[in-house]
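Only one chain comes next, encoded as structure tokens, the form predicted alone.
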Amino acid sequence: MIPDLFTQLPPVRDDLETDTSEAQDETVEACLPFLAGQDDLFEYNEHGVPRINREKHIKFLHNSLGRLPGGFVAADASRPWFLYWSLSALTMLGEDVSHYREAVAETARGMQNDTGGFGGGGRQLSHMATTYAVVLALALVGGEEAFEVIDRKAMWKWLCSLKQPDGGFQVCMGGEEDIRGAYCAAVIISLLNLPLGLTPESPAWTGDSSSNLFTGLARYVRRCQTFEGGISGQPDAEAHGAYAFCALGCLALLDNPRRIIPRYLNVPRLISWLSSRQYAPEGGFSGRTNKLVDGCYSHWVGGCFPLIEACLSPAASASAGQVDNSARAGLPPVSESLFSKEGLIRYILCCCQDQTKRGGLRDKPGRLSDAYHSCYVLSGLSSAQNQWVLADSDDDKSATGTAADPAWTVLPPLEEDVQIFDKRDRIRPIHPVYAIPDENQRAIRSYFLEKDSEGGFL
């Protein structure tokens, strides 16, 4: 029951041999035995797809939250990421991570700077990426003890100091300005219900009260779209899959995605570039043109499609998840997925699972599993296993009260559709923008909304 597409060499091949083509051939040869169901360590279903080995992966991820070997000292500045990657992956596998609340809160407290934001470790410079990871980790463990670790007033002032006159954000004081900063800032502002007003000390301060943390941000994102249709980290650079997700996620937090994404991005060209990142026979995604498939792009590229598809598909009732007959004006409605969900599911479950005693998920066969790939491979699996539907409402407001915050409804696969994975192998879905479960993002946002209604921020 395995289609030939996933068990044979590509039917169209370029005769020109290069280092790149040789590396691609080696990758295909490494993947084919797994895709063809020839690995004795797997238990395959009738579609030739192995089940997800939750127990091994869960054990691996719990170990990743413990004391790590000495070699990990090189990753000391990435401690927040290990928290987020491991907690997020555990959550998607169905684990309750709330018992980590006290430890995560204490760890986060030691990485927070008085000037705002979180560094990669104690006494390290605050960085947008590590701050984003800490905030998501605290949202995953949940609860007042975790939320109250965050000094939101200092965070707001720190974000104001990173806001740039052209609309974008630096990732740290004196650091680069890129699309990561745009997305991370939008997530942090939204989840923590931070005010949008700028401090007079901000580089973007003009004295005009209409200027704020979001002013010009969408235009900055638009400048990062390349001639190919993909998104680069900065204007006039190379398109990269992770930056595409950051761009879409950022725009989706600034306004209703149905309006803002087609307004600021060339959607057909972006779809073309993203679609070109999925390979056969592997079924997985690469991050850039002429690069190899990598399990992490199951999220960075695969996670772009739910955002685009939801914008192009008929709108749904936020309460019941029922689809009506209206389509996004000016763009064709989507009735089927824009990428091969079967291909991605096969790549993840066949090629990305480490079935040895180690457990965890990996880039591709021959590579070691790690917390980073475990998180983003599972995030991609969530995108492929579920369908997110976007309600078309102009009345909902964001946590900041200034931008539309549409309701997202996650739907399981339709019963009449043939699914190549077993029901027991469906993982917990995550929010398509925040990349954490919907209930977690709602909990942290509701907490600060309620607190601010009582004068909590001031």
Partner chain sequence: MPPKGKAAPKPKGSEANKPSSTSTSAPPPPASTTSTPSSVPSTSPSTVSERSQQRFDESRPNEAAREKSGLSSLAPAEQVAWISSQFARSSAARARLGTKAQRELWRHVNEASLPVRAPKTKPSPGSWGKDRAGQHIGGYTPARFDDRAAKRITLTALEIASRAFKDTRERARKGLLDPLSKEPVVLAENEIDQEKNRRRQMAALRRELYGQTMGQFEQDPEWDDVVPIPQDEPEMALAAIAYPASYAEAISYLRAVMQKKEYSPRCLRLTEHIISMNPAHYTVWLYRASNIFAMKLLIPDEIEWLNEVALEHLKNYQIWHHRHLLVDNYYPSIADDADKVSQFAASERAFLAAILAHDTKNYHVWSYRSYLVGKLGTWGADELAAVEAMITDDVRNNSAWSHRFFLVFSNPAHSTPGTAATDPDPAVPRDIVDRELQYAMVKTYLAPQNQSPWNYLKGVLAKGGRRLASVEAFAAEFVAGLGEGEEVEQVRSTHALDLLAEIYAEKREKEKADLALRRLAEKWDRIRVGYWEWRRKCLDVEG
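Keep in mind that this is a model prediction, so the values were computed, not measured. Numbering follows the first chain given and starts at 1.
This next part talks about the form predicted in complex with its partner chain, which is not shown.
| field | One residue of Y376, Y243, Y132, F169 in contact with its partner chain, assessed in the model of the complex (non-hydrogen atom, 4.5 angstroms) | value | Comparing distances to its partner chain in the model of the complex, the residue within 4.5 Å is Y243.
| message | Please identify the residue among L196, L93, A103, A154 with any heavy atom within 4.5 Å of its partner chain in the model of the complex. | response | Exactly one listed residue reaches within 4.5 Å, namely A103.
| request: Given that the partner is absent here, state which listed stretch (74-82, 352-360, 204-212, 184-192) has heavy atoms within 4.5 Å of its partner chain in the model of the complex. | output: Only one stretch qualifies here: 74-82.
| said: Under a 4.5 Å heavy atom criterion, is Y279 part of the interface with its partner chain in the model of the complex? | reply: Yes - in the model of the complex, heavy atoms of Y279 and its partner chain come within 4.5 Å of each other.
| query | Taking 4.5 angstroms as the cut-off for heavy atoms, does L65 touch its partner chain in the model of the complex? | reply | L65: yes, in contact with its partner chain in the model of the complex.
| query | Can any non-hydrogen atom of E439 be found within 4.5 angstroms of its partner chain in the model of the complex? | reply | Judged by the heavy-atom cut-off of 4.5 Å, E439 is well away from its partner chain in the model of the complex.
| message | Whether S446 contacts its partner chain in the model of the complex should be assessed with a 4.5 Å heavy atom distance threshold; does it? | response | Outside the cut-off, so no.
| task | Report yes if all three of E176, Q225 and K291 come within 4.5 Å of its partner chain in the model of the complex by some heavy atom, otherwise no. | result | Every residue of the spot touches its partner chain in the model of the complex.
| query | Are there residues in 6-21 with a heavy atom within 4.5 Å of its partner chain in the model of the complex, and which are they, in order? | reply | Result: F6, P11, V12, D14, L16, E17, T18, D19, T20, S21.
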